[in-house]
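So this first bit is one chain, no partners, the form predicted alone, shown in structure tokens.
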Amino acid sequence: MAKQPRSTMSRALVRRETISGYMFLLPSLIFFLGFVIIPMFICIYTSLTSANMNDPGSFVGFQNFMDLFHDKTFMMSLKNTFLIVIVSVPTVCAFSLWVSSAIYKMKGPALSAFRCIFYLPVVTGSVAVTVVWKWMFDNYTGLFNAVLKGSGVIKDNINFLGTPGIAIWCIILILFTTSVGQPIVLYVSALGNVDQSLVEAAEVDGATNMQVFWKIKWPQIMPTTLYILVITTINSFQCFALIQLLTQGGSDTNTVMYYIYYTAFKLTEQAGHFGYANAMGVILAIFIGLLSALQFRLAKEK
């Protein structure tokens, strides 16, 4: 019996492995197609219509998008969203890297304790965390007012969440505290995987700690930094729960995500303007995509 050529057997083996791989991926591909790709195209189409809860609406082209940039509430929401992103993303990354650099060489219980402390707000329910912060910012019985009045810094209570110009910074502070946990854990792992032979060689040659960090450690943790930048940017753009639970968009704290929700489900006189809300969603997705692409481009240049 003649043997099959090795190349024919190799191709058959590759084909079987490829089919098996796709079969394992099939459930995830179906989920991704049904809950991400198809809804994405539905969102884009609906953004071009006047659809609401009771009526599929008519095709209006780019009218919703043109109306958005004449909508003062949307422009304020966009400004607040960019403020949150611009402040939160670099501060979260810088603080996480600083803490990780200080604790990654610790061993055993000490390192585990620090990682647990910083990661706890991530695994704790956002509602529970927000309720605690809301109590601390309370106008009458809040911890911050009690401390500031007790120390003589202020005479009258400050309405932190009810004062425009202050409330948005309170939101940013809470978002910061709930966002640093995962980056710290990731940076600790990344710093622990840095090639120590290069570090030791640089130290023998007389390099300072700062030189070792920027020339050896920083390039090796760049992939982790890029991932942290992207996920932190997306989370900051999608800030919704804090607004919903603390201010409901009042005190000039509206964000694009909250305004989308308000437009789609709260405008009862229009039975929810789905087309207009989806247009905002498309604009938000474009901004997230452009900023993420910029981050990838800058990371590659490094």
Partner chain sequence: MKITSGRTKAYRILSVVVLIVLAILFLFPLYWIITGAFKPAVDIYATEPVWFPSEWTKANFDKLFGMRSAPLWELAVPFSRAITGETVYFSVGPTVPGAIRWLVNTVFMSVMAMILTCLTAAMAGYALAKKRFVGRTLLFSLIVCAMALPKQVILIPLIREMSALHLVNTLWAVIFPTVGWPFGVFLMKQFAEGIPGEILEAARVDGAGEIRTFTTIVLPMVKPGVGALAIFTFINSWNDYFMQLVMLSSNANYTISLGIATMQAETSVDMGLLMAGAALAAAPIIIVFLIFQKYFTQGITMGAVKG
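Residue numbers count along the first chain shown, from 1. Source: prediction; values computed, not measured.
Although not depicted, the form predicted together with the partner chain is the subject of the following passage.
Using a 4.5 angstroms threshold between heavy atoms, I288 counts as touching the partner chain in the model of the complex.
Within this chain, T18 lines the site of the partner chain in the model of the complex, having a heavy atom no more than 4.5 Å away. For F74, no non-hydrogen atom is located within 4.5 Å of the partner chain in the model of the complex, even though that partner is not displayed.
With a 4.5 Å cutoff on heavy atoms, R115 counts as touching the partner chain in the model of the complex. For the marked spot (D67, T91 and P219), a heavy atom within 4.5 Å of the partner chain in the model of the complex is absent from each of the three residues. Of the residues given (V194, L83, M136, I166), M136 alone sits with a heavy atom within 4.5 Å of the partner chain in the model of the complex. Of the residues in 69-85, none comes within 4.5 Å of the partner chain in the model of the complex through any heavy atom.
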